[in-house]
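Below you will find one chain, with nothing else, as structure tokens; this is the form predicted alone, and questions on how it binds or moves follow later.
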């Protein structure tokens, strides 16, 4: 299956470089490029990309607002792509808010080319890009600043089984499915089943939102890892 990618960045050289790199992959098709968030939303609606590479800071409309519009479209708009945020900063409030809005993760702009290609494939497959330690640090830092938000999310934990709650905690601590399986002595497919059930019960989209939920619900306390 070919992965359709839209690149949204206000720097022409960045767009061109990313486009050339991704278009050289046999399984990736760059379907459009936009120079600001507003144009990105318009192209996202018309080209139906699988993955949108979204710069955080842009004129006209920033990446956060553009991500929100793509991930929470108005009535009648069915297509909702995966959004991967691009940033030059390790910790960025915009990125945290984008993850809360449903973005599938973030990548530093100066990441190696192979990381960019892998990121697109990971996000297209429905996984969140949460491997870098800076992502966990970002989420922990900003969750720590928002303790008042934890009451309502905590109530939803009552619907999880003890095993599902355990899986949620390990996800929030940054463990991969394979690591969770080894820790709990389960088959990796069983872990995936548990994650699917947790997502369904909590009405969340992906692993990125699970991590944020876990911090806001107090499942994991920032700094206790």
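Rigid core: the largest C-alpha set superposing within 1.5 Å between the two forms. Bear in mind the structure is a predicted one, so any value in this text is a computation, not a measurement. Residue numbers count along the first chain shown, from 1.
Keep in mind that the form predicted in complex with the DNA is missing from the display, and what follows is about it.
Listed residue (38, 173, 197, 48) with a non-hydrogen atom within 4.5 angstroms of the DNA in the model of the complex: It is 197 that has a heavy atom within 4.5 Å of the partner.
Heavy atom within 4.5 Å of the DNA in the model of the complex - the one residue of 188, 42, 60, 169 that qualifies: Of the listed residues, the single hit is 188.
The DNA contact at residue 206 in the model of the complex, heavy atom, 4.5 Å: Residue 206: contacts the DNA in the model of the complex.
Interface membership of residue 177, the DNA in the model of the complex, 4.5 Å heavy atom rule: Yes, residue 177 is a contact residue.
The DNA contact in the model of the complex: residue 183, any heavy atom under 4.5 Å: The answer is no: residue 183 has no heavy atom within 4.5 Å of the DNA.
Segment that reaches the DNA in the model of the complex - one of 212 to 220, 6 to 14, 197 to 205, 21 to 29, heavy atoms within 4.5 Å: So the stretch in question is 197 to 205.
CA of residue 204, rigid core aligned, shift of 2 Å or more between this form and the one not shown: Yes, the C-alpha position differs by at least 2 Å between this form and the one not shown.
Per-residue C-alpha change between this form and the one not shown, residue 32, threshold 2 Å, rigid core fit: No, the C-alpha moves less than 2 Å.
Threshold 2 Å Cα movement between this form and the one not shown for residue 51, core superposed: Not so; residue 51 is displaced by less than 2 Å.
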